[in-house]
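Only one chain comes next, encoded as structure tokens, the form predicted alone.
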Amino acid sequence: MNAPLIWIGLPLALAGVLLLIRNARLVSILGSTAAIILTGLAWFLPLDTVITLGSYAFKVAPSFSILGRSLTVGAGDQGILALFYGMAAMWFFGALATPNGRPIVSLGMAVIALLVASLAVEPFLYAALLIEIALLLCVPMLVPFDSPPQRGVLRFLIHQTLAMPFILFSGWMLAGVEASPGDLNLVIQAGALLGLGFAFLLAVFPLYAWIPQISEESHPYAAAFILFIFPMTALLFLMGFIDRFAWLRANPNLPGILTSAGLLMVVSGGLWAAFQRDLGRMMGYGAVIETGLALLAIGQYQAAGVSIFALLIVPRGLGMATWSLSLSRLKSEAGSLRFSAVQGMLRAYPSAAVGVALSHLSLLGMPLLAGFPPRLALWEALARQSAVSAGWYAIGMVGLLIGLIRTLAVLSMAPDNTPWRWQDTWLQRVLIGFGLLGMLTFGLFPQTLQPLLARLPLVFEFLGR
């Protein structure tokens, strides 16, 4: 028995089985249950240690070889595995209340397994191939079988695919830089290619036009799942590059580049969100801001930066899952998420409207909500470095606040004689309620994330030390 077969091979096999099951509710239950089991195994199962169960003894090996390549999942990676599959369990369980939950669960399980494999494969250049396969599996989640792909999906595929050759070429050149770090031209070329690759992969400003488009055109829940899982993988991949190559880690310009890119995404995303007339696009710009915050955290470039990055992950996943689930309910009834279509829906669908509002507030960093502790720590770190950077961060948050005020105004803008009705289903109320309860719990008791903060730095040899 070995770890890659447990957390990569078994989920891929399960995804194939789930594709054959027609009952969407059963698919969601099986997928979320399997993800919970994989999360528990990742958290508690010791690797490369003899385990004795009665008369039976076995050891879970950390490596597995296939076609001359190695997949390695070490003890330090178990925190990442628990995070991936724990978040997946939440998303798959939420798919019970969405009309197209079946492809999200079956294909989503395969996507997560492939993204885990991309972080585990050696040599790391083969990660590009695995990420590309995962990208292709996302298309059926975003596009109904009887509809042609729209512009947002096509741009998503094009931009993410363009990242692959840049990362491959930079990886090939990085070996030469390690051999001769004094070759300035080679260092500049490798750094430029690596920067372009991650700019496309992370949708760094101005390459994120596809994000609000797929949030508007596709099902909100499927779009939010992709906007959470792919940036998280790309950010971990970026941190792995920084940790792996000493010349990159020691570059004095890198923290400034990461901070500038993060501020551009936060400010531009906030300003665009202030002028949106579609709730789906507003969620897309929220995802842009979240990625910008993660880049700002990595740009701190110390143990504190890795801790802030770890603190951002769970609130982001929880907030986007609740936000998109609420938007799914509104869109299924109104047919669109444009302001003109959802006007006054607070009185008919209060649970969904409250879910949208509180998820938006968590993204803003409202006290008592899950997004508050990491944003407070990040803003404090920025202020210590530069008051100008902290000011630009505040401008982005003000833009997002204006978008929230306009959203609340539209949702509550109903005629005076409109009665209050609870048309949300009981399952949607329960799931949205659990999401809101989770945001309050992590906001009031952020220390509950301490085990994750302790395990995430173990993934990296130098970062976070």
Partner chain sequence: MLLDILSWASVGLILVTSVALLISQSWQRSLLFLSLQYLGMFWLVSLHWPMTMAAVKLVTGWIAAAALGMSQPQSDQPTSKEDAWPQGRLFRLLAAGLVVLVVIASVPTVTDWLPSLHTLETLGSLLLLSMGLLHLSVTARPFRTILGLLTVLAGFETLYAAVENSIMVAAMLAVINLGLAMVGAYLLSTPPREEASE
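This one's a predicted model, so the numbers in the text were calculated from it and none came from an experiment. Residue numbers count along the first chain shown, from 1.
One more form of this protein exists, namely the form predicted in complex with its partner chain; it is left out here, but the text below deals with it.
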Q. Can any non-hydrogen atom of residue 121 be found within 4.5 angstroms of its partner chain in the model of the complex?
A. yes
Q.
Against its partner chain in the model of the complex, would residue 250 count as a contact residue? Criterion: heavy atoms within 4.5 Å.
A. no
Q. Does residue 189 reach its partner chain in the model of the complex, with heavy atoms at most 4.5 Å apart?
A. yes
Q. Does at least one non-hydrogen atom of residue 264 fall within 4.5 angstroms of its partner chain in the model of the complex?
A. no
Q. Quick one: of 242, 314, 143, 196, which gets a non-hydrogen atom within 4.5 angstroms of its partner chain in the model of the complex?
A. 143
Q: Only one of 246, 139, 334, 395 comes within 4.5 Å of its partner chain in the model of the complex by heavy atoms, so just point that one out.
A: 139
Q.
Among the candidate stretches 429-437, 41-49, 27-35, 61-69, which one is within 4.5 Å of its partner chain in the model of the complex when only heavy atoms are counted?
A. 61-69
Q | Contact set, 1-30 vs its partner chain in the model of the complex - heavy atom within 4.5 angstroms | A | none
